[in-house]
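Form predicted on its own, single chain, as C-alpha cells, below.
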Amino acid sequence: MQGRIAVRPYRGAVMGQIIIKRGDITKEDVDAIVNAANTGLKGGGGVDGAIHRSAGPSVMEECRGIGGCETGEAVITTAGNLLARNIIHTPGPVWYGGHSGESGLLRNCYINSFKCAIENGSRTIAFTAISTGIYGFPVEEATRIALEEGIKHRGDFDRIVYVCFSARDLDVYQKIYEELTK
C-alpha cells in the first residue's frame, strides 16, 4: 500500500515534524531529497538510478561538473524535473561486516546531508534508506542511525520525511522511531 503513514500526523508546517511513510522519493514535494549516490556521482541502479531518470539529464550534467564525492560526504545539485528544489547526493558505505567503520561513515552521510540542506536554506528534507540496498547495510542498524540523526536535527527543519520503499522497511522505521522516542 502506497501512501502516507505518519508517526505524527501531518497538519501543515509544524516545526520539527518527522514523517515516516512508504512511497517514491522522486514524488516528494520538499526543498531537498537525499540521493543514496555512488562516489562517482554517475547515477546507477536502485534509488540513485530512479532519481536520475526522473530528474532528467540536467542533474547528471551538474554531477559531472562536481566530479565525485567521498563516502560519507554530501554535495548538492538542482533537482531538474522533480518537485523538490534540490538533490543532496551522499555516497553511503558498503557493508563489510561492520568492522571497517561503516556505521561512522553512514552517520556522516546523514550529518553531512543535514548540514548541506541547512547551508542551502532547506526547511523540508526527504531521505531514502542509505546503503541498505545493494550496499548490504543491515536495515535495523541503518534505520537507527538515520532516525537518531533526524531526531537530533528536527529543530532545524519544518519537516523531515523518511520514505521507505518496502512495507518491511516501513515497519522497521516505525518500530525504531517508537523505541527512540519513548
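All values reported here derive from a predicted model rather than from experimental measurement. Sequential numbering from 1, following the sequence displayed.
There is another form of the same protein, the form predicted in complex with a small molecule; it is not shown, and what comes next is about it.
Across the proposed site, 37, 48 and 132 without exception bring a heavy atom within 4.5 Å of the small molecule in the predicted bound form. By the criterion of a heavy atom within 4.5 Å, residue 113 is excluded from the residues contacting the small molecule in the predicted bound form. In the predicted bound form, the small molecule sits within 4.5 Å of a heavy atom belonging to residue 44. The chain is drawn here without the small molecule; in the predicted bound form, the stretch among 29-37, 116-124, 153-161, 63-71 whose residues come within 4.5 Å of it by any heavy atom is 29-37.
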